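Below you will find one chain, with nothing else, as structure tokens; this is the form predicted on its own, and questions on how it binds or moves follow later.
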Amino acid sequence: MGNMRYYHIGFGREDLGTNPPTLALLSGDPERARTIAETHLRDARLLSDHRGLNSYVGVLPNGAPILSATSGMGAPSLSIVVNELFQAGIRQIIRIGTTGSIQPHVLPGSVVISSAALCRQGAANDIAPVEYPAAADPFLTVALAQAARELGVAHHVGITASVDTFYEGQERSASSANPNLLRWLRGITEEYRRLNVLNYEMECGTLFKMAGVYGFAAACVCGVIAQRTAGESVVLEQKAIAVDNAIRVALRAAMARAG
């Protein structure tokens, strides 16, 4: 049989070379995946850009092979990509994302490392029951926190609210085309704040549940680009700093885990 290329990601195990990576950095934004590959990896090459799901294989500075891949936005897209990455041999995934803080002490430019997720995602319910824990791998999570400390990056470790929608699901109404939130969503951010949830994002809950069910290690680090105690908008002047911080933390942790 020839090389089997998975339908959505556009590559298979044989495309990963003779020393295939087992660790992937997974970004929602294809440009972030490209930047990681072209700026931070040695000998990076494009595996596929099928459906805009850019994937690159390369080598970390310590010589370990690694994949920089794109999940797309939201849990349904991520679930497809992660399923196929697992079939291609990936056994550790670090999600690198962006996030909105819901705590006053979690400031734009810093990063949030998710220890677990309050998982409010339909895709996750197809993987495991609602009550199934959405927990990050403790060893990858510690590696991320240690990397942030070593790099001097302001960071926070805690629980993330992982939801399906950017506007309604995160209680955005002033910046949304739909100001008419469902009753159960009105006040949800304050409720989560009181539960010591740190932030909103849209993928890690499903990723963590898939990791538990499939049997791989998963973690998540997100750059804080919005401060929801102050407003609904992205703080554009802090976005590049936040994303760069998240990338640097993930790369350092990846070297510790893939070396």
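Worth saying up front: this structure is predicted, and the values here are computed from it rather than measured. Position 1 is the first residue in the sequence shown; the rest follow in order.
One more form of this protein, predicted in complex with ligand URA, exists but is not displayed; see below.
Next item on the list: Name the stretch: of 188 to 196, 40 to 48, 207 to 215, 220 to 228, exactly one has residues whose heavy atoms fall within 4.5 Å of ligand URA in the predicted complex.
Entry: Contact-bearing stretch, as computed: 220 to 228.
Notebook entry, point to check: Does Met202 make contact with ligand URA in the predicted complex, using a 4.5 Å heavy atom cut-off?
Noted result: Output for Met202 is yes: heavy atoms within 4.5 Å of ligand URA.
Checklist line | ligand URA contact in the predicted complex: Phe166, any heavy atom under 4.5 Å | finding: Looking in the predicted complex, residue contacts with ligand URA include Phe166, since a heavy atom lies within 4.5 Å.
Next item on the list: Considering only heavy atoms, tell me if Ser114 and ligand URA come within 4.5 Å of each other in the predicted complex.
Entry: Heavy-atom contact with ligand URA at 4.5 Å: absent for Ser114.
Margin query: Please tell me whether any heavy atom belonging to Thr99 falls inside 4.5 Å of a heavy atom of ligand URA, as the geometry stands in the predicted complex.
Written below: Heavy-atom contact with ligand URA at 4.5 Å: present for Thr99.
Item checked: Contact residue in the predicted complex, chosen from Gln121, Gln170, Gln92, Thr141 - any heavy atom within 4.5 Å of ligand URA -> Only one option qualifies, and that one is Gln170.
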